[in-house]
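Given next, in structure tokens, is a single chain: the form predicted alone.
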Amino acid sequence: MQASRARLFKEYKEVQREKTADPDIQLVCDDSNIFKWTALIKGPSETPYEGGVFQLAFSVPEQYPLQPPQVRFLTKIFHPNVHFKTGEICLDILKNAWSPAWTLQSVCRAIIALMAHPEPDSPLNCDSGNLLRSGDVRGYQSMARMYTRLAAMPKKG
């Protein structure tokens, strides 16, 4: 557990030092628990998520970095690889392709990449996966845009 704590403190210092280096990601550590983090990520441009800000919750295991963190969306998102109700994310690096070389910051990057390039063949959200698999890109994008507007954009007025 000491090794994981040391690694997380190192990542914390890195995040503090490079706050402006990556404007699309804002990682924040829970003040009372180094194993709990949240992130705000910007929806990638030229996707139905553009303009949205999505909140992620990280639960880091005591065996980190040998085991991947558990990450889920707290913000509702319509995406084939994200469970609509739980926010669970289907991403290989969070499961069987994890490597200790990954950091919480690079996990955020990978999630942003997944948002831009969904994998409809391994859906957690069958509705959005089916839209893409059937070739209804327009239907998928309009649903994703609608949920982005409803859940991930600041309310006006």
Partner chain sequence: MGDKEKEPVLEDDAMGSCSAWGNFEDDDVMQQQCSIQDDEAKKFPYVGDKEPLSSLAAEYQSGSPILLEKIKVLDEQYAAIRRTRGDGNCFFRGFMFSYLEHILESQDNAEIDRVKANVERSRKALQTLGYAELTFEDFFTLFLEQLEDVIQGKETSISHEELVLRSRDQSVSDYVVMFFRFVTSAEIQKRSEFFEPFIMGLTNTTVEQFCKSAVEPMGEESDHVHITSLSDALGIPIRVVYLDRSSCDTGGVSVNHHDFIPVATDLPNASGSTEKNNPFITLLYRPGHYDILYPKGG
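None of the values given here were measured: they were computed from a predicted structure. Positions refer to the first chain, counted from 1.
The protein also exists as the form predicted together with the partner chain; that form is not presented, and the subsequent description refers to it.
- Decide if the three candidate residues Gln63, Cys90 and Lys95 all line the partner chain in the predicted bound form, where lining means a heavy atom within 4.5 Å. Spot residues vs the partner chain: full contact, yes.
- Task: With heavy atoms only and a cut-off of 4.5 Å, decide whether Met153 touches the partner chain in the predicted bound form.
- Result: Although the partner chain is absent here, Met153 would stay clear of it in the predicted bound form, with no heavy atoms inside 4.5 Å.
- Any non-hydrogen atom of Leu124 within 4.5 angstroms of the partner chain in the predicted bound form: Yes, Leu124 lies within 4.5 Å of the partner chain in the predicted bound form.
- Within a 4.5 Å heavy atom cut-off, is Lys76 in contact with the partner chain in the predicted bound form? No, no contact at 4.5 Å.
- Does Thr47 reach the partner chain in the predicted bound form, with heavy atoms at most 4.5 Å apart? No, Thr47 stays farther than 4.5 Å from the partner chain in the predicted bound form.
- Task: Please pick, from Leu40, Ala110, Ala57, Ile34, the one residue with any non-hydrogen atom lying within 4.5 angstroms of the partner chain in the predicted bound form.
- Result: If I apply the 4.5 Å criterion carefully, the residue I get is Ala57.
- Message: Just to be sure I understand the contacts: of Arg149, Lys19, Arg138, Lys10, which is the one whose heavy atoms reach within 4.5 angstroms of the partner chain in the predicted bound form?
- Response: When the partner chain is considered in the predicted bound form, the option within 4.5 Å is Lys10.
- Listed range touching the partner chain, judged in the predicted bound form by heavy atoms within 4.5 Å, from 65-73, 110-118, 24-32, 47-55: Stretch 65-73 is the one.
- Can you tell me which bits of 96-110 touch the partner chain in the predicted bound form, meaning any heavy atom within 4.5 Å? Read in sequence order, the residues that approach the partner chain (within 4.5 Å, in the predicted bound form) are Asn96, Ala97, Trp98, Ser99, Pro100, Ala101, Trp102, Thr103.
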